[in-house]
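Shown next as structure tokens: one chain only, the form predicted on its own.
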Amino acid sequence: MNKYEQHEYDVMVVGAGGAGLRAAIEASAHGAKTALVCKSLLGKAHTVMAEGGVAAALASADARDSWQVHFRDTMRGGNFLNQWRMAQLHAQEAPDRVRELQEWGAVFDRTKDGGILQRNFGGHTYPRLAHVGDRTGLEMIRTLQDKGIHQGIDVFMECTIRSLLKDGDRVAGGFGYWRETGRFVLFNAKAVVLATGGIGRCWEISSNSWEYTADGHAMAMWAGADLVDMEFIQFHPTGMVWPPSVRGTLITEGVRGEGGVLKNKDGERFMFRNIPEMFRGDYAETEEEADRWVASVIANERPDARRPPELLKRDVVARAIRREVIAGRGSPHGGVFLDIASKRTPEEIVRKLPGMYHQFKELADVDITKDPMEVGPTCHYMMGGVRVNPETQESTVPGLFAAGEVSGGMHGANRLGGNSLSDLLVFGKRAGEFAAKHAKGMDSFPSINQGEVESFAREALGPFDPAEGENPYTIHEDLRTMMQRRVGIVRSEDDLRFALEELGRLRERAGRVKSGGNIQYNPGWHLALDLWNMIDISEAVTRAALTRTESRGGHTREDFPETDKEWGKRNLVIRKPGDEIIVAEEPLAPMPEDLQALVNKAD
């Protein structure tokens, strides 16, 4: 074992986005010696992509808002498949977490009387997203990094954790490597917090960058933890579609929150034709009513009309855009048009949406103060993940915790915009707190199994063995293309069964992968290892999608287009007890009567 670099920590946090930073801060504050390990550079986190704002019922923009309304919106947004206790804790604790962030130095936009300014977002009854222009995630990461670094947390950058170590049934740390040198490193830890984000690099068109290769989901499943809700993938309705080099890059929902409208090539605001029956009482059904709402928002007055249908849930808007494109009413490059220029002055656009203004100027040579943007759906967020205890965030493996996008249950079948940032604050704190308590309750460090370590090392070096083999980049491209076409926004049994067969062939090809060069900084080798994460988790998504024979939230079945009341009573749980991935159906935890009455309220 002396040939491996080794470290000992009470708590190891894997991932340095908002959830990981918040967990590390809390674990350290509770007296745990804490390591923060990230595969990229500190600050290179997907939290930065959450531009529009953080959802919390501060009631500074509208006094009618409350945690109860936020809870109800979240449950309705998730098509009632959410873990109700997580949704409740999230709605109740989000305001304190945002105010805490402000105390640590976050600079939010302000109302005239000095309160935190909040904007409208899809699925939220009232303006609820505290924001910093359209760069909210960046401000959050800056604030959390400053707090964490000054707290003395040890940070290990450009270090990839490949597998979780176990001592019997409990977690014992992690095995990984330095991306620059390829040297293996072991972390012996009493508790591990996974905060690795999502799985978007399994799809061809995605807002996610190279880090999102399903690391945490796969490591948890391989270690014996349950995954839940894996069939629910969120395709954000507005990603860039042109030029090809930036296809999929996110366009914040804040554009629509500030009054932006969606139009097809004929200039029609098609969302009026796409309001689900469940939401007809909440959304404007004429342009006149919708424009009256926008005018009230621009004037900073309480809206006297219903919200525009452009602010419906993300799954509804994404499917509506897809329908327009398939019907031949799309934009020249296969999307639709998002117009803010006709609703806001150039000065307001540059002030309210500076990131979007510069993004389109620099990447597409489009001036959004004059011309509409071309937009289309992009794979953005994973609702499913590690099944956790709502109070502690501990998984079904003792000592293994999860927070943020890698954990499941909070968002149900569909996440509301802005809920991801408050989710990572609320549950990042809880994960760090209870991981520290778990570690402090142990008298000694768990044992590391030398045979397990040697096995992981051999597997990691496998791509260097064959004299000839497959190119990892070709396999990855084939995986992404197949998942986009067969397990995308709309699915069918034939497509899903084809996907499973193709995943079997991709797994065989991954077993023959060849990495050229040596072990020092070698992106091809890194991708060859990541393929195992992505193929296994792609199979988990596909098997869950095949099992759920209904359409709900981020999961749409062409052959089962209706929402089935019986499917709304149970979750799908994914496990890998041996070589095969299995799907089990388990009933939802019953909701208390007072919360059920709250969800059912008509007003």
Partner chain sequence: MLSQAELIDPQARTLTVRIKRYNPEVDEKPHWEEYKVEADGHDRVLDVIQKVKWEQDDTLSLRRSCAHGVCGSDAMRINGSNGLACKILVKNLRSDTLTLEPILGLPVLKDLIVDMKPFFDHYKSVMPFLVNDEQPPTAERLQSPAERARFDESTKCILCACCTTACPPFWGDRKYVGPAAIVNAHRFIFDSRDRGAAERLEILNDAEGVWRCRTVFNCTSACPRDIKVTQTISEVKRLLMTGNIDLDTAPSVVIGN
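This one's a predicted model, so the numbers in the text were calculated from it and none came from an experiment. Numbering follows the first chain given and starts at 1.
Missing here is the form predicted together with the partner chain; even so, the following discussion is about that form.
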Next item on the list: Check each of V69, M49, A61, V573 and return the one that places a heavy atom within 4.5 angstroms of the partner chain in the model of the complex.
Entry: M49
Margin query: Within 4.5 Å, heavy atoms only, which of R458, R505, K437, H358 is in contact with the partner chain in the model of the complex?
Written below: H358
Next item on the list: Assess the spot marked by G105, L363 and G524: is the partner chain within 4.5 Å of a heavy atom from every one of these residues in the model of the complex?
Entry: yes
Notebook entry, point to check: Which of these stretches, 154-162, 495-503, 192-200, 71-79, has heavy atoms within 4.5 Å of the partner chain in the model of the complex?
Noted result: 154-162
Note to self: Within 4.5 Å, heavy atoms only: does S444 come near the partner chain in the model of the complex?
What the structure shows: no
Note to self: in the model of the complex, is there a heavy atom of the partner chain that lies within 4.5 Å of any heavy atom of T345, even though the partner is absent here?
What the structure shows: no
Checklist line | Partner proximity in the model of the complex: E277 to the partner chain, non-hydrogen atom cutoff 4.5 Å | finding: no
Notebook entry, point to check: Are any of the heavy atoms in F337 no more than 4.5 Å from a heavy atom of the partner chain in the model of the complex?
Noted result: yes
Note to self: With the partner chain taken in the model of the complex, which residues across 370-389 come within 4.5 angstroms through any non-hydrogen atom?
What the structure shows: D371, P372, E374
